[in-house]
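Okay, here we've got a single chain as structure tokens, the form predicted on its own, with questions on binding and movement later.
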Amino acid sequence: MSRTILASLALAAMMAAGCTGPANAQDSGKLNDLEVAHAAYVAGDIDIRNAHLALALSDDRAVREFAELMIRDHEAVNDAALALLKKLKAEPQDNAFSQSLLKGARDNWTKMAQLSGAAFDKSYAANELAYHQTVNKVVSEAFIPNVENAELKTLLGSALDTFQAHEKHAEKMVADIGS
């Protein structure tokens, strides 16, 4: 459901980290609804972990506020997705796409954890912008058009609105940190 959006987010983080190869192992537009739900959840969880890393490593007020927003919003979307799955009595399905998202995120976390100060802040901001640009594209062009369950489609649409706002926020953060 909104896990689709989250999967998109994870893909964006992977792309920003330069680890897009494995994600193509399974085309995001060919996932069934339960695979999309799993990928979206994984993607959301990845952005939550990115935000926790930012809270641990950054002293920049804008970076920390953005990270707190990511935790709040992505946890809310994940919670809504889990509630929908429970209502539908469905289990998300792990898949190659989800696994490649997680591998890319792990590689990215290793790189990001080596940074500190302004270098970390710039890297985090750039990653979040690229992540949301990619996620928004995947959700709008691959997930929403291909999801069959109407409730999942609605949840993805609602989450997309939130993630488009995140993209604009990340864009401003990149511009402010770069100056």
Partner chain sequence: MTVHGDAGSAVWTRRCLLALLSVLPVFRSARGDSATVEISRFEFAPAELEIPAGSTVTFVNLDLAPHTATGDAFDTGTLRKDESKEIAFPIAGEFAYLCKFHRHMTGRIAVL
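Residue numbers count along the first chain shown, from 1. None of these values were measured; they are calculated from a predicted model.
Although not depicted, the form predicted together with the partner chain is the subject of the following passage.
Is it the case that Leu69, Val77 and His169 all touch the partner chain in the model of the complex, with a non-hydrogen atom of each within 4.5 angstroms? Yes, all three are in contact.
May I ask you to state whether Asp94 is within 4.5 Å of the partner chain in the model of the complex, using heavy atom distances? Taking the distances in the model of the complex, the answer for Asp94 is no, it never comes within 4.5 Å of the partner chain.
Contact of Asp107 with the partner chain in the model of the complex (heavy atom, 4.5 Å): Close contact is absent here: in the model of the complex, Asp107 is far from the partner chain, nothing within 4.5 Å, heavy atoms only.
Considering only 153-173, what residues come within 4.5 Å of the partner chain in the model of the complex, judged by heavy atoms? Going through 153-173 in order - heavy atoms within 4.5 Å of the partner chain in the model of the complex - the hits are Leu155, Ser158, Ala159, Asp161, Thr162, Ala165, His169.
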